[in-house]
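The chain that follows stands alone, in the form predicted on its own, written as structure tokens.
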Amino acid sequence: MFPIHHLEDDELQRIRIACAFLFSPDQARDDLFLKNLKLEHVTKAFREKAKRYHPDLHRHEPREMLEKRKERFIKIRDSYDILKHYFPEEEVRATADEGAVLRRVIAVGGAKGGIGKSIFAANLGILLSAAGHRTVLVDLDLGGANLHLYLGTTSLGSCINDFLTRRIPRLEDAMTSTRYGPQLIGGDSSQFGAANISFATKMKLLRSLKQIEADYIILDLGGDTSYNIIDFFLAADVGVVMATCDPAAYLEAYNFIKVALYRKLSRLFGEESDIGMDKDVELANLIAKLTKPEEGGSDGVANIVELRNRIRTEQPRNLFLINQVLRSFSPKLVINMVEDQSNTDAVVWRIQEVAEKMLCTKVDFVGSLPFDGEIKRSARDLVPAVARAPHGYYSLSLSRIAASLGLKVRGI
């Protein structure tokens, strides 16, 4: 049941919009309906609407009609995701066990190359696939695609570029089976300008990613803080930030987290936002003074703490909204290539302390991975570490990280 009388107006409006998509506008306006809403009602409505609007169930229809169904289906699924978060987690899990579609998108990012993001993504995908989950790996390092190599695949029949250039109609048509379990949508960075996609193309790609039928979708991102990379990271349900104990790597990990949060705030009223509100010009202008300091002048906003203080003073109506956005930003930190475990605590503490102080953000440390012979051999002969040594130290460490992320794996 929804405690509607204890919700702020903005949050209640977001719930009403979600209910309008899953049920009806009249029911969404009915306080008694909302008060008595149960997860089983939400799940049943989602399943019924999914059957009606899922484009794969209506392939015989004209392309224009399919596009409309696709857009409607995405809004229906996003509405389901919004509403389910208001119910106890154990209740949601029980519903998932009964067959509800609970897809999770996991993004693996970090603002530095060579820190093991692709190896981590590939092995995590294999681990989840081995546990019986439908798992799809997507190489979104559009300028340096190499994820397929770490899955033992040296050539691809189709890739993500074919979808972006309309050589194939659906993203799923670029999917390749791998010998180690997960499906792969690989890339081809040898194509000129592969990383430079337009905003419209990016949005098309994001919509298509959310339509993939899988339990887990893992996005392997490039090692930078470009708008495209950050937007892919923010679109995920779980955002993993990779770092090592090397100062350059963990400083860039913090920068990645900072840029991602600033981007999330700057796109608060963008078409990819899930807040379901009309643009508040005053709030957008105040946020711009933080995210675009060159436009703030003498009235600029130095950091997130100052932003919250000014909203509290100048726009108290927006304080709940901005706090909600900050709470929803929860990056997960993984320290990779650890040779001496004693160095890890200091790196984690430094990132967490600065993020909490400057960004009002809690960074969850979910574990570390060793730098050992298993990984060296894996990178050399293209046999994933968890496939070569499923009970090895790396595999066990990765399993613990997966469990900390709330992912269902064997033996944990």
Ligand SMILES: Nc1ncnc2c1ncn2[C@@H]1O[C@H](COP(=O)(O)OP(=O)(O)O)[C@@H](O)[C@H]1O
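Keep in mind that this is a model prediction, so the values were computed, not measured. Residue positions are given as counts along the sequence shown, with the first one as 1.
From this point on, the text means the form predicted in complex with the named molecule, which you will not see here.
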Asn336 within 4.5 Å of the named molecule in the model of the complex, heavy atoms: yes
How about Lys117: is it within 4.5 Å of the named molecule in the model of the complex, going by heavy atoms? yes
Pro370, heavy atom within 4.5 angstroms of the named molecule in the model of the complex: yes
Closest heavy atom of Asn146 to the named molecule in the model of the complex, within 4.5 Å or not? yes
Ok, Lys362, Lys51, Lys68, Lys376: which has a heavy atom sitting within 4.5 Å of the named molecule in the model of the complex? Lys376
Work out which of Arg308, Lys210, Lys112, Arg267 lies within 4.5 Å of the named molecule in the model of the complex, going by heavy atoms. Lys112
Could you tell me which stretch in 230-238, 323-331, 308-316, 146-154 has residues with non-hydrogen atoms within 4.5 Å of the named molecule in the model of the complex? 146-154
Could you run down 222-243 and flag each residue that has a heavy atom within 4.5 Å of the named molecule in the model of the complex? none
